[in-house]
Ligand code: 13P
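There is one chain below, alone, in structure tokens, taken in the form predicted on its own.
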């Protein structure tokens, strides 16, 4: 059996969370990530019949029984994951009852998965119904994106349009736009259900005055989606109080999207 600490998926999680903390997106225990793994991947490193303990999920995940996730722990700081992954991360499998998770590795201090894990699972279920290759759900608090929710109307069309105007690549990177939710109590099934509903149409969902959820096929893709939104939000926050002399026109955004062959939200442009 190989050493789990050498597994590529564990290393990806360690490096990504360290980078997100370095960027200032995940203060204290803010932020969480879940990564859907293949059983064949995990079986190289763990005995799949060895369940350390079970943890209640708090909702019915019967549609994804048997699925395995690498997920950040509740109350854990991203800055500590690089050095102590076995304490701050866990690998869990959705048990046959659909309402329990089986811990296969991690949370060695007696902890458990993030309180947002039910919300993550709901988003995984929604994204898998749209694109079976989506494997990562990432929640974080990027500074400028968060700031933008205080000064920009929380309307999906106008919020997306503003971000598309900020960087040439935006309409190409997230052509499906940005879903928006108003402020809601975090750590609840209600916000998880609302986010999952948005995830049926968007790979990115902004939580007003809180942060962002992103979904993607890989850790890099998901991080890159959020990174691009954050860069665009930063440019917006740097320029919003100044007179706009130049901008990317809607016809130019259309030209970009069609040149790169992406399926963009035409209804989000003023054409």
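Numbering follows the first chain given and starts at 1. In this text the structure is predicted, and so the values were computed from the model without any measurement.
Unshown form predicted together with ligand 13P; subsequent notes refer to it.
- Looking at 98-106, 83-91, 133-141, 151-159, the stretch with residues near ligand 13P in the predicted complex, meaning non-hydrogen atoms within 4.5 angstroms, turns out to be 133-141.
- Looking at ligand 13P in the predicted complex, residues 29, 32 and 73 each place a heavy atom within 4.5 Å of it.
- The shortest heavy atom separation between residue 115 and ligand 13P in the predicted complex is within 4.5 Å.
- Within this chain, residue 147 is remote from the site of ligand 13P in the predicted complex, having no heavy atom within 4.5 Å.
- Taking the partner from the other structure, ligand 13P in the predicted complex has a heavy atom within 4.5 Å of a heavy atom of residue 210.
- When ligand 13P is considered in the predicted complex, residue 184 lies well away from it, no heavy atom lying within 4.5 Å.
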